[in-house]
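In the form predicted on its own, a lone chain appears below as structure tokens.
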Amino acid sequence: MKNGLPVLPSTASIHEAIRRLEEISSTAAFVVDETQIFVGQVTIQQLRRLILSGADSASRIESYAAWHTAKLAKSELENEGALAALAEDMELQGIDAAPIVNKTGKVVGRLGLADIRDLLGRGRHPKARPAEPRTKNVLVVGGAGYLGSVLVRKLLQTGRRVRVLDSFIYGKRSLKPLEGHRSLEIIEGDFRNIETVVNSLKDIDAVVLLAAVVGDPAAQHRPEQTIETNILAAQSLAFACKLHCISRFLFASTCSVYGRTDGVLDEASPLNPVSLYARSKIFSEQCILDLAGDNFSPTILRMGTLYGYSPRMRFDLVVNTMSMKAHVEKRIQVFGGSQWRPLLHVEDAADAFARCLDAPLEKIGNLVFNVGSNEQNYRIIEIADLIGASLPKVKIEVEAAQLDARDYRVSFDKIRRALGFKAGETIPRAAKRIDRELSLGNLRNPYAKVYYNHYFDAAEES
């Protein structure tokens, strides 16, 4: 990285330029000739469009002249007219930064639009600004869902432009407060439709695939849709990203792939799925990883069982179910109770995805991560006890029958070492939040179908 943007030689191939920009997560680069003279600026989106339009990826970027040429001579840094003209050129060309060049035309610095406005309006020294996110334009497929609606908010808060693709089978309420946000675009559509997918990938730097038939009951109720969505559509989307040279692809998987196994499991442990849902995720993981190569470096995130409040609430998750029953019925039913389950708050899950979008590609590309907390591997009875102790006058009833065959503990050391990820939320705090939302009437009729994935029904959305 030099002067805030990378510098590429004009003799670099389109393929080399894309790979270089992907490696450092930059959206643009200054291009210089063999004498290091600035000849223009190129964006990664321009390069991707060239390949899609039929250009040979081995061609030199100097073969294509449609680069942005806005620049400022170092001698004109004090010239308000030159600064204003540069800002206008940058806005017209749709670029966020321009080079400062010396008398010979070599790049010696950079100016962003915000820096220029500071120089024009507040004196001669640009203010320090937060670092730009590595991935500026993110497509979240399933952005209106339980995790998606939390992640979208987090990404908008970090200054990204977010495009959501969602079929809204559980309604639109989760994103309604974000309507009109200048950095959010919402596309209503099914990602099983390839035309919809291709249109949604325009000018995108990274893709997060959350959309799926999620959970064992939902997959059991809709087996055909599970195969179409979790396997076929997921693979098609990944392949489309590869063709579009979108390297950063995050796939939401599940620790349910471990099924019923003794010991503490890491990413290399044998998989032992006990449901169609888990099997569909395993198949998709392998298909997506098999596509890895030049300009496609997917990341698989196997999440623990999610819990906690979300704008698209679910009451078919163990912590949320128990918390709701504790509020409504003043009792928690436990079936079996000795089964182990790794837990993960939905806010922490969103943080893990955001960290992957910020991380250098070489740290996360073509890798599988368990996402959760070693400290939040709990037996089912322990979850009930934590919730019962957090809320008033709750009775815990234990029945011997086990309705869920899953039983596994998981190690989360790998993601902690790679990304410094550490869960910050807790079950007691989540239970209290759910209890409060129910008390305030923000979650009306918790038995409504819209709160349960296996119903696939937004008719009762309130």
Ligand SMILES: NC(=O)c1ccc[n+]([C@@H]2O[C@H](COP(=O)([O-])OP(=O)(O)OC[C@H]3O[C@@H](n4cnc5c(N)ncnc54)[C@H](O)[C@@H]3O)[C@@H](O)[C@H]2O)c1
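A residue's number is simply how far along the shown sequence it sits, counting from 1. This one's a predicted model, so the numbers in the text were calculated from it and none came from an experiment.
The protein also exists as the form predicted together with the named molecule; that form is not presented, and the subsequent description refers to it.
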The named molecule contact at R192 in the predicted bound form, heavy atom, 4.5 Å: yes
Residue contact check: N377 to the named molecule in the predicted bound form, 4.5 Å heavy atom: no
Any non-hydrogen atom of S297 within 4.5 angstroms of the named molecule in the predicted bound form: no
In the predicted bound form, R312 touching the named molecule (heavy atom, 4.5 Å): yes
Interface residue in the predicted bound form among L119, A87, A384, M303, criterion: non-hydrogen atom within 4.5 angstroms of the named molecule: M303
Listed residue (C245, I282, L111, L317) with a non-hydrogen atom within 4.5 angstroms of the named molecule in the predicted bound form: L317
Listed range touching the named molecule, judged in the predicted bound form by heavy atoms within 4.5 Å, from 74-82, 262-270, 140-148, 326-334: 140-148
All of Q36, A70 and V107 with a heavy atom within 4.5 Å of the named molecule in the predicted bound form: no
Those residues of 237-275 which, in the predicted bound form, come within 4.5 Å of the named molecule by heavy atom: A252, S253, T254
